[in-house]
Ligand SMILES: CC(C)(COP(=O)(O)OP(=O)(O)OC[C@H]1O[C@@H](n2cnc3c(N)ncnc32)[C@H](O)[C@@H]1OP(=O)(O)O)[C@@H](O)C(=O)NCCC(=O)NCCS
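In the block that follows, a single chain appears as structure tokens, in the form predicted on its own.
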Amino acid sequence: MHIEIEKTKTSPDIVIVAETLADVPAREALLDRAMGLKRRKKSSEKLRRGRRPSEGLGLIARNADGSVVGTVRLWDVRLGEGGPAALLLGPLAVDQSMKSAGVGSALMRHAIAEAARLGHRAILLVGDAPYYARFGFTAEKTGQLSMPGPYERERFLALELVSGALDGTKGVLKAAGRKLKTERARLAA
């Protein structure tokens, strides 16, 4: 998988590719810079801990010299006890040097398109509603759903990739999908 971001004056040559194990140190350093060390205490982290991203949905953006300048990952979750499958997006981060260059938007568009191509039905996230609204995310369909642990309800957003996918869903999101098997793989998460 390889996509180029539309080139503009503010966006040098950037490509979006599937992340690899070799990208882990750069991805983790980027996330620490962008979100701080408290990122590991968020409710969404409880759903990611001990898991691998959904197959084919760990993405990074590279600049012309090959450096990781952006990342997004989507995780398999269940909507309530025994509920339907969905994806949880996060974290999305872009290197400070690339802010406002379209990297985050390109990562989001690519992640959404890839999730749809792979047959997923809905994506949820906890994030800034004005930013994510441009991609179709709203709090409209999350009213009967909740995250494990504390979170800001107004920031709990969803996007249906299939119309009606979230109708009637309720309960606390549960981790699902592939578990990490080794210490080296745990560090890759």
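Just so it is clear, the structure is predicted and the values come from calculations on it, not from any experiment. Residue positions are given as counts along the sequence shown, with the first one as 1.
The protein also exists as the form predicted in complex with the ligand; that form is not presented, and the subsequent description refers to it.
The contact residue chosen from 35, 139, 145, 26 relative to the ligand in the predicted bound form is 35, the criterion being a non-hydrogen atom within 4.5 angstroms. Put simply, of 79, 88, 111, 103 only one has a heavy atom within 4.5 Å of the ligand in the predicted bound form, and it is 103. Note on the interface: of 158-166, 43-51, 121-129, 57-65, the segment with non-hydrogen atoms within 4.5 angstroms of the ligand in the predicted bound form is 121-129. In the predicted bound form, the ligand sits within 4.5 Å of a heavy atom of residue 134.
In the predicted bound form, at least one heavy atom of residue 99 sits within 4.5 Å of a heavy atom of the ligand. Under a 4.5 angstroms non-hydrogen atom cutoff, the ligand in the predicted bound form has residue 93 among its neighbouring residues.
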